[in-house]
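Take a look at this single chain in structure tokens; it is the form predicted on its own.
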Amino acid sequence: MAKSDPFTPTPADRFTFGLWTVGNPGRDPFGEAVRPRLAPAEIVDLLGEAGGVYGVNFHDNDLIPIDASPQETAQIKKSFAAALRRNKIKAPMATTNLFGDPVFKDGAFTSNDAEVRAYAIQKTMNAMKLGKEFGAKTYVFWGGREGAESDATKDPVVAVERFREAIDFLCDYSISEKMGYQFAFEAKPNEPRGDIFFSVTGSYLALIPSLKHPDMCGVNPEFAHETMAGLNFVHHVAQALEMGKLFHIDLNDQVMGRFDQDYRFGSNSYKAAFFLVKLLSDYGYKGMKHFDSHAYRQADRKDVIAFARGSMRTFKILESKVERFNKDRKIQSLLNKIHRENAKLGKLTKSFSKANAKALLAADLNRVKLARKPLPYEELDQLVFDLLMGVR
């Protein structure tokens, strides 16, 4: 990719990938791996070859196998650290695999077994230390097994209580060890469980105020997760932004109603991807932009690099489209017609007082006249299409 290309990423863009994303060997429930499994250091080198990558994120067992010996652990850490230095790549986020091992077959923090719950917290404590060793500042929690197939098996109220207790404990642990983490919760409606607790981003936004340390807790929404349930991902991210709780974000793509596909960002949902980038750009999101996606199963190493480059390039292209949208005279003219402010009424409704309530009750607001005001949404939406298709 030519250096003069305006869509060439740089570390300043804060694009990140996971060891589990570009390192995915292409295995699925119906077929074995089609690419060789790469060591963590080799994955970092691949991202270095892709160019422009800011960081690489990891689950504890992406980096260190769950049964690794102390000697193996030390060697892996040494090789990984050398690869990070060699490629000038950071490790800004870490997380714990609380879903892969058989011990978590019925959950981790919400398991019905007290010993499993204790092990899950212990495993997370060790994983937090591992993340901090490589400079991670954000710690993500995805409760992939925190759920049920039958409501006869778990009390969902107790499950919420157990999850809260675990997070409160781990917040205190981070504070006591001066780790400086911010915690980010990732929601998903289903898969691999029949139903997962905290199924949408709003579920976690509702939980956070009840935590012992709400200020250090936010969310990590993933595009595919709300989308697979037929919901509008942009709206969920907007709520997190408005609340100051968007600590991290996972970018990928998804066909509505399908299994969790983890497609390359923007590969399917052009319009939704555009409005997501617009939201993040317009509201000045400065956090990491993490591509939690996988190359197609048909991809070889060269095509995996193309996948990584394409993920970043798509975001950059959509950023340029956002800039054009915000400067387009016709689009902005329509928006000005649509967004009709009234300073006098706005002052009345902004905050309650008896005087404001009295004035509002006396205001001349004719519903018939209001209903006649035009809203040229069709024209506006077509202009968005023209812009995205490159004919505007």
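Numbers follow the displayed sequence, beginning with 1. The shown structure was predicted, so the numbers you read here are calculated from the model rather than taken from an experiment.
There is another form of this protein, the form predicted in complex with ligand GLT, and it is not shown here; the text below is about that form.
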Answer key, ligand GLT contact in the predicted bound form at 4.5 Å (heavy atoms) among 99, 274, 119, 181: the residue is 99
Counting non-hydrogen atoms within 4.5 angstroms of ligand GLT in the predicted bound form, say which of 142, 204, 109, 139 makes the cut. 142
Verify the contact flag for residue 95: yes if a non-hydrogen atom of it lies within 4.5 Å of a non-hydrogen atom of ligand GLT in the predicted bound form, no if not. yes
Does residue 225 reach ligand GLT in the predicted bound form if we count a contact as any heavy atom within 4.5 Å? yes
Counting only non-hydrogen atoms and a 4.5 angstroms cut-off, does residue 260 reach ligand GLT in the predicted bound form? yes
Ligand GLT contact in the predicted bound form: residue 146, any heavy atom under 4.5 Å: no
Select, from the options 77 to 85, 146 to 154, 260 to 268, 309 to 317, the stretch whose residues sit within 4.5 angstroms of ligand GLT in the predicted bound form by heavy atom distance. 260 to 268
Partner contacts in the predicted bound form for 284 to 312 (non-hydrogen atom within 4.5 angstroms of ligand GLT): 292
